[in-house]
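Listed next as structure tokens is one chain, alone, in the form predicted on its own.
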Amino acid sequence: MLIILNNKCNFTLNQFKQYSQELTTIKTQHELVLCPTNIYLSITPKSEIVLGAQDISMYHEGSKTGEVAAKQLKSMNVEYVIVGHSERRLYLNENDKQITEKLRRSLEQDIIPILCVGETIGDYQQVVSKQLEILKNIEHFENVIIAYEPVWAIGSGKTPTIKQINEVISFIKKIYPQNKVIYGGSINEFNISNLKSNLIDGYLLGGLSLNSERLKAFLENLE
């Protein structure tokens, strides 16, 4: 099972050094993917934990100040990248065209993209199916991991029931049966026991990812 650790915009340098060293002591049968702030990619300790990025440029390398290109991420041994997170859609106005190009840049460098989709409120089918339409324009779209994160659940402490999650994931897998689908949104070490399902291929963790002891408890309860 795939466990994505999205650190978001957190940790000072010394805090990250301590945190990342703590992660190296974690033993699990699941694949852990650490997605730190880009400036910490080069100092992440070598371990069994796989390296991921929180974002990627829609452009090739060149005169694009402030951007981080796919080829650069690949040279840092980045294997996964989060694309289209709801926070970037909301705060940075990312649109489908930009997200499509980011998916293409990722796949060109054999970096596995994790495409985030999810509704703010209301009918998930209309929102999620529209967000997934961009995959029709992506070559080798079956290599994209789909992360279902209902926006209303992110950081709110509110989570859908496993029945609701299974309903959405089943809906996604009927459209894209070849793609892995993971879940994210206010998951913690306490509610994971009620949020396990054979339909879920992994989990995208935000706040929980910032504390190694809580992460250990989460992984134990996931077994």
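Don't overthink the numbering: it's just position in the shown sequence, from 1. It should be emphasised that the depicted structure is a prediction, and the values quoted were computed from it without experimental measurement.
From this point on, the text means the form predicted together with 2-phosphoglycolic acid, which you will not see here.
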Checklist entry - Taking 2-phosphoglycolic acid in the predicted complex as the reference, which of 79, 108, 87, 96 has a non-hydrogen atom within 4.5 Å? => result 87
Checklist outcome for this item: Of 165, 51, 172, 187, the only residue with a heavy atom within 4.5 Å of 2-phosphoglycolic acid in the predicted complex is 187
Checklist entry - Does residue 216 reach 2-phosphoglycolic acid in the predicted complex if we count a contact as any heavy atom within 4.5 Å? => result no
Checklist entry - Is residue 205 close enough to touch 2-phosphoglycolic acid in the predicted complex, meaning at least one heavy atom pair within 4.5 Å? => result yes
Checklist entry - Would residue 182 show up as a contact with 2-phosphoglycolic acid in the predicted complex if we use heavy atoms at 4.5 Å? => result no
Next on the checklist: Please tell me whether any heavy atom belonging to residue 145 falls inside 4.5 Å of a heavy atom of 2-phosphoglycolic acid, as the geometry stands in the predicted complex.
Outcome noted: no
Item to check | Options 152-160, 174-182, 43-51, 56-64; stretch whose heavy atom lies within 4.5 Å of 2-phosphoglycolic acid in the predicted complex | outcome: 152-160
Checklist entry - Heavy atom within 4.5 Å of 2-phosphoglycolic acid in the predicted complex: which residues of 1-30 qualify? => result 6, 8
